[in-house]
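So this first bit is one chain, no partners, the form predicted alone, shown in structure tokens.
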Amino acid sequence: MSDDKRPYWQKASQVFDERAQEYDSWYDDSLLFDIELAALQELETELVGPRVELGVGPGRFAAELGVAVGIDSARTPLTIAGRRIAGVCQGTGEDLPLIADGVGTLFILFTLCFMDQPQRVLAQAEQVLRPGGHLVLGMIPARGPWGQALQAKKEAGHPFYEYASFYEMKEVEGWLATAGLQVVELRSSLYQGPEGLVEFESSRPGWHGDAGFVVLVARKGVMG
């Protein structure tokens, strides 16, 4: 049993602090990044501001998606993100440092899998969104080829995935519903497998079981 008494978020974010520059450099000329970004840009739902990203990392997605403020538990990536977007803040998804009903669109991309309490994170997302606002959740489904590949990396001791947990689509959709968020759009992409990624691809509407990347857009209900 580990003697490390630090909070979970500190342990999970340590590798991103220590290897922030390496992680940021991965995005350079990355076909994977291009494909995932395209899926987000191809969403048809109107996403209003202010836009915030939880798990902003070095800010690569945020800079392309019009995000005004990025939040991350790892401090070092925030120094990089701060050169790309207007504002950054250190914080966790379980206790978002945001006012209630203040966010138009909240992005959580490839981040829920690193959270200790994903259901609490989604409940926090509902609280900070304005009525009618949207959560944009990008995830790697556990049973897809990419989810299985990343799980294998975790089991092999890959430092970036030590604290990652990959979830099924139905499981996450249930959590969203419990949090009071209604899924209004789905897009799937990354049909090429991890060993055969050779060309750009656009996303498709809906959820497809053979996709490696899925975007869920969930809406907070309007009161009154």
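Fair warning: this is a prediction, and the values are worked out from it, not measured in the lab. Residue numbers here begin at 1 and follow the sequence given.
FYI, the form predicted in complex with a small molecule isn't displayed, but the following is about it.
For a residue to qualify, one of its non-hydrogen atoms must sit within 4.5 Å of the small molecule in the model of the complex; all three of Phe16, Phe61 and Thr92 qualify. Site annotation in the model of the complex: the residue of Ala74, Val103, Leu137, Ala81 reaching within 4.5 Å of the small molecule with a heavy atom is Ala74. A heavy atom within 4.5 Å of the small molecule in the model of the complex is found for one listed residue only; from Ile85, Leu98, Leu109, Ala142, this is Leu109. In summary, the region of this chain contacting the small molecule in the model of the complex, judged by heavy atoms within 4.5 Å and restricted to 66-74, 188-196, 42-50, 175-183, corresponds to 66-74. In the model of the complex, the small molecule stays beyond 4.5 Å of every heavy atom belonging to Tyr167. Not displayed here, the small molecule is approached by Phe114 to within 4.5 Å at the level of heavy atoms in the model of the complex.
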